[in-house]
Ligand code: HDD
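Given as structure tokens, the chain that follows is alone and in the form predicted on its own.
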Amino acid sequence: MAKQNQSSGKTNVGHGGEPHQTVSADGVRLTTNQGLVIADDQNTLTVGERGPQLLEDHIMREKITHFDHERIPERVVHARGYAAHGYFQAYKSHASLTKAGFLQDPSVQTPVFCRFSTVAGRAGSFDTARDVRGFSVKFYTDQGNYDLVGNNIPVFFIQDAIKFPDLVHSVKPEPDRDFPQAQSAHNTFWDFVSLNSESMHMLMWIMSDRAIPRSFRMMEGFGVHTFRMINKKGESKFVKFHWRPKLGTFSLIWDEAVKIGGADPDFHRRDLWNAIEAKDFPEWELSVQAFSEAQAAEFDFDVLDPTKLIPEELVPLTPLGKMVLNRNVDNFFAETEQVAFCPSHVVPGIDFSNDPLLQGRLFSYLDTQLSRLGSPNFHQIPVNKPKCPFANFQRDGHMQTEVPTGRVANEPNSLDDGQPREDPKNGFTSFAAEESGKKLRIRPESFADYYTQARLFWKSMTEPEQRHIVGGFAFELGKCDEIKIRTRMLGHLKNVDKKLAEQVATALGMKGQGDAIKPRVPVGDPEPSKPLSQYTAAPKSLLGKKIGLLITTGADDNLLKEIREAAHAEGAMLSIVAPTVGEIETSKGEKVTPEHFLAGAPSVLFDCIIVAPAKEKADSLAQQADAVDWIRNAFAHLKVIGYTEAATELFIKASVALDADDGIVDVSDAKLDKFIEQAKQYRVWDREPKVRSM
């Protein structure tokens, strides 16, 4: 190991560039709970550098087991979740790629249960926190349950599962004070990631708008790891899983997310529930990047490294089918809270790779379910129960609800021919990959490039996205009162991109203060990848979006009718907001019941707004701070704003000029075409430099 001096003490750099903080002569040794001194707390025991993990790694198992059992009964991570039922349907047979049954017949709809979640916060935290989002799908196939357990970001913070307890402990509330809650903007998190260069790629994603999605319905999902698919001939290909939302991928901006967190902490939950109740069913396309081991060997990164992605320019997506969520749960606790996802739940035709983070998850998730749900019989809970027949010799245990019959509970046996038996032809078999090597605790050298893909992500962003990443880093690091953490992170950012580092340093008032951190391997300068940007590929559409309409008693009946028809034609949802929640009358006496009252529905809850009070009510509306803020905040959040002449005084009070930009649109006399076309752009990005610096 090469030695590296840091202010925090003596640190050695491992084979793959990972930090090893070693004990000083009079220091405290790191041990297991049995007092065994630990030589390496950074790497799991594997067969060779890139081989599978060994069950005999008692150090990793003790650490993960203790971590898995820290919370009862709430999940340690992904505690705040929301879910729905639906189905998956393949587009065609994918027999050449996999023998997995649910990917063979396009006429079959496979039931699914999908849970979205935040990672860091407790169950009572708020929806719009800056965080990774879990994106997990349980397929109830006729070959057994298959769980695709992923996130809305395709990479992760760490390369080896042995570090997962450390990562989560760092992002959770600091243990002496139990805050901050549901956020990473504090010392322990940034201290940890700044000491682990492998986190740099994930940090670029988490500081981007990807970490504050507009809606679960407008959020991508990824399997994160490299998996295998195997066809009936025994041929194997590596795959990466992708979920793409039909509505496109959209996000909030930071100030908007903060305000929504106060106005409606259940913003994402409510959005999903209401869409399904309105039969506006969310839909995603499942695709894979499929590639051979020979192709993988040619990449300039290691596909077993979970901090790396495969640019779509290298391996395009192969669409497999679609998922539609069409039914809300009947009971949140019984279904959403008790559902148990495990990456180890696979079906024939899908297998694992030697990704060291995945290998640890195969152990950890099952162990967690045993603790959280209190029994090895958690598979008997209806939401977890396979919809195909299942039978084995497992018996008894806490909360056993089945009543097995017969005298035999073992195999082989000669006493009952009716008992279940092995099926070599149709049963699950692991891919016969060749493995050899010494038993080692070592990080592969091929994992040591920590900055090239972080630079790839930065270079692939549009200018607004880059501004938001700078703002994310500045906000989060500004919450760290340890200067050494800030300077260390600025040093890392210089290795990603000098312009990025300079902008963050300027925002912090720390120009020129970044540490000198030498990359383990030379940093590449990749070409941008367009699919990494949300806004480069964002569809111009109002489909699934929300239009907020602020009206008063006496509002123009014709305008209201035209807005309703336009919203319906575009697949948008119209929400009427009024000063009070009681029934009001339009100009022609039509009775309208608002969905929201003004004080409880700030403009942050909508994607675009229209302000159309009756002329005789405009002056009194302009006296209400909530109405003025409705316009001021919508303008600051770059939303398209429609108005009628009667609303002019409100705009004056909000200091928003009617000719400020093309996103301020006159809709008098029901002239909606321009408003609709502007609103399809989602935000007026050219406005942003006028209203905020980042």
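Since this is a predicted model, take the numbers as computed values, not measurements. All residue numbers refer to positions in the sequence shown, first residue = 1.
The next section is about a form of this same protein that is not shown, the form predicted in complex with this ligand.
- Residues placing heavy atoms within 4.5 Å of this ligand in the predicted complex fall in a single listed stretch, namely 365-373, out of 534-542, 244-252, 365-373, 592-600.
- For the candidate spot formed by F301, F457 and V521, no residue has a non-hydrogen atom within 4.5 angstroms of this ligand in the predicted complex.
- Proximity to this ligand in the predicted complex, defined as a heavy atom within 4.5 Å, holds among H268, H468, R488, H225 only for H225.
- This chain is displayed alone, yet in the predicted complex one of K138, K240, R443, H78 has a heavy atom within 4.5 Å of this ligand; that residue is H78.
- With a 4.5 Å cutoff on heavy atoms, W190 does not count as touching this ligand in the predicted complex; it lies far away.
- In the predicted complex, F126 stays away from this ligand, with no heavy atom inside 4.5 Å.
- When contacts are judged by a 4.5 Å heavy atom cut-off, F341 counts as touching this ligand in the predicted complex.
- Interface membership of P282, defined by any non-hydrogen atom within 4.5 Å of this ligand in the predicted complex, is ruled out.
- For the partner-free chain shown, R115, S117 of 106-127 come within 4.5 angstroms of this ligand in the predicted complex, judged by any non-hydrogen atom.
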